[in-house]
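Take a look at this one chain, the form predicted on its own, written out in C-alpha cells.
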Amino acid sequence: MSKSPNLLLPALGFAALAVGVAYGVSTRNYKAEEAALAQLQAERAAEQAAAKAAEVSALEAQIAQVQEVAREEVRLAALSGGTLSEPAPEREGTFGLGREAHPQEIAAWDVDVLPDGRGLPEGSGDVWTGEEVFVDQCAACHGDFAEGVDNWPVLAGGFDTLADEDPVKTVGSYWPYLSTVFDYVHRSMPFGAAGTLTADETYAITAYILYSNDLVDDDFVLSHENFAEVEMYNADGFVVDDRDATEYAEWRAEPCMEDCKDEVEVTMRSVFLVETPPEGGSNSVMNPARDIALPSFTAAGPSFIPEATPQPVETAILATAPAEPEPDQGDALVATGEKLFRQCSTCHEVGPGARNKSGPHLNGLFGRVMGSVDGFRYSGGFETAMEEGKVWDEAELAAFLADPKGYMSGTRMSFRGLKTDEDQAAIAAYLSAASE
C-alpha cells in the first residue's frame, strides 16, 4: 500500500504531458484560423478601398469635365465681347431665355414611342411568353385574361360599345395607336415597379394584349420591325380637332344686348331638375342607390320627406316576409356556375341578346357543331373540328375546360382551365339554364 502513490506519479506525468501537447496543437490551429480570417478581412478592406478610389476618380473626372465646359463657355463669352451674366441673345420666335439643350440632355428626355414606331428599342416578344409575363406582373390588377379586377381597368373586349350609354373603352375597342400601349407599359408598369420590364418583356406583354383582343393569332411575334404594321381596331375613330376653324368664330361673336329682361330670377337649382331613374339608380355601378330622403317640391322650393319612424323590433319581425324555400341542388349548381362564368364573360356572352365578342356566344351550346357560330372567326383547330362534325356535349365541354390548349391545338382561348369536376359541371348547368 505504501508503494501505490509512487506507481501513480508516472501515469499522472504522462497524462499531463498529453494534455499539454493537445492544448498546444489546438492553440496553434486556433491561431492559424485567426490569421486566415484576418487575412480575408484585409483583402476585403483592400477591395472596398479600391472600389471607393475608383468612385472618387470617376467623380473627379466628371467634375473636371464640367469645369472644362464652364471654362469653354467663359472663353466663348470673352471672344464675343460679352459676359456670362448678360442675358441670352434674342432670337426670332423665342423669349431669349436659357440656352440650347445639349444632345445628351435631349436624348435623356426623348424616350417616348411615336405611332410610326420611332423611339422603339430593338427586341421582340411572342404571345405565349407575353401570357406568362402578364400573369406574373399584370394579372393581379388586370386579371389573367385582361378582363380587369375590381376597379382596375379592363384591357380587352368592349368592341362596338363606344356609342353605348356605358362604353367599354379598352386597348382593343378604343386605343388608336399601339405605340401608346408599348410606351405606357414600358415606362409605367408594373404597378409599384415601373421601368423594370425589359424591352422583350414589353413586346411580349403588348403581343398578349393584342391577342386578348383577338387582333392577332396565337403564333404572333411582335418586334420593332413589324410594330408599325399592326392596325388597331379604332385607328379611324378619332378626328382632328378643327373647332378653332369651324366653331370658335361663332362662340366669339358679339353677344346680343337688346330686348333684355329687366330682372333675372333664379327659380330652381339644376340639381333638382335631374330626373331620377325609376329604379333609383340601383343598376348603375357608378352611382349606386343609397337610402336617402327624396326631395319633394313646393311653392317655396324643394323640401325633403322625413324618414319613416323605425318600427319596434317585434313589429319588424312580424312584418318580415316569409323565408323563401331553400333552393334545390340543381339551382345551387346553376348559381355556382353563374359565379364561375364571370371569368368567361369578358370574351363570351350567354342568354337573351347574347352576341359574339372576342369569343363566340354560348347560347344553345350543347348539340351545336363546334366552330359553327355564324360571323365568328375561329382558329384553325375549331375549323377542323367543324369539318369533322364534332358536336358539343357536357363531356366534350368538360374536357375542353380542363385543358383548353391541350384539347384544341392552336386555340386562341388563353384560359388556364377549370380543374375540378364540380366546377365543370356547374358551368355546364349554368350554360344550359341561361340558354333557355
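Quick caveat: nothing in here was measured; it's all calculated off a predicted structure. Don't overthink the numbering: it's just position in the shown sequence, from 1.
Omitted here: the form predicted in complex with a small molecule. The next part is about that form.
Undergrad: Residue-level question: is His224 within 4.5 Å of the small molecule in the predicted bound form, judged on heavy atoms?
TA: No, His224 is distant from the partner.
Undergrad: So in the predicted bound form, is the small molecule close enough to Pro153 to count as touching (4.5 Å, heavy atoms)?
TA: Contact check for Pro153: yes, within 4.5 Å of the small molecule in the predicted bound form.
Undergrad: So, in the predicted bound form, is Ser124 in contact with the small molecule at a 4.5 angstroms heavy atom limit?
TA: No, Ser124 stays farther than 4.5 Å from the small molecule in the predicted bound form.
Undergrad: Do Ile205 and the small molecule share at least one heavy atom pair within 4.5 Å in the predicted bound form?
TA: Although the small molecule is absent here, Ile205 would touch it in the predicted bound form, with heavy atoms inside 4.5 Å.
Undergrad: The chain here is shown without the small molecule. Which stretch in 191 to 199, 246 to 254, 157 to 165, 215 to 223 comes within 4.5 angstroms of it in the predicted bound form, by heavy atom distance?
TA: Partner-contacting stretch among the options: 191 to 199.
Undergrad: Using a 4.5 Å cut on heavy atoms, which of Tyr184, Trp128, Tyr177, Tyr233 is close to the small molecule in the predicted bound form?
TA: Contact with the small molecule in the predicted bound form is made by Tyr184 alone.
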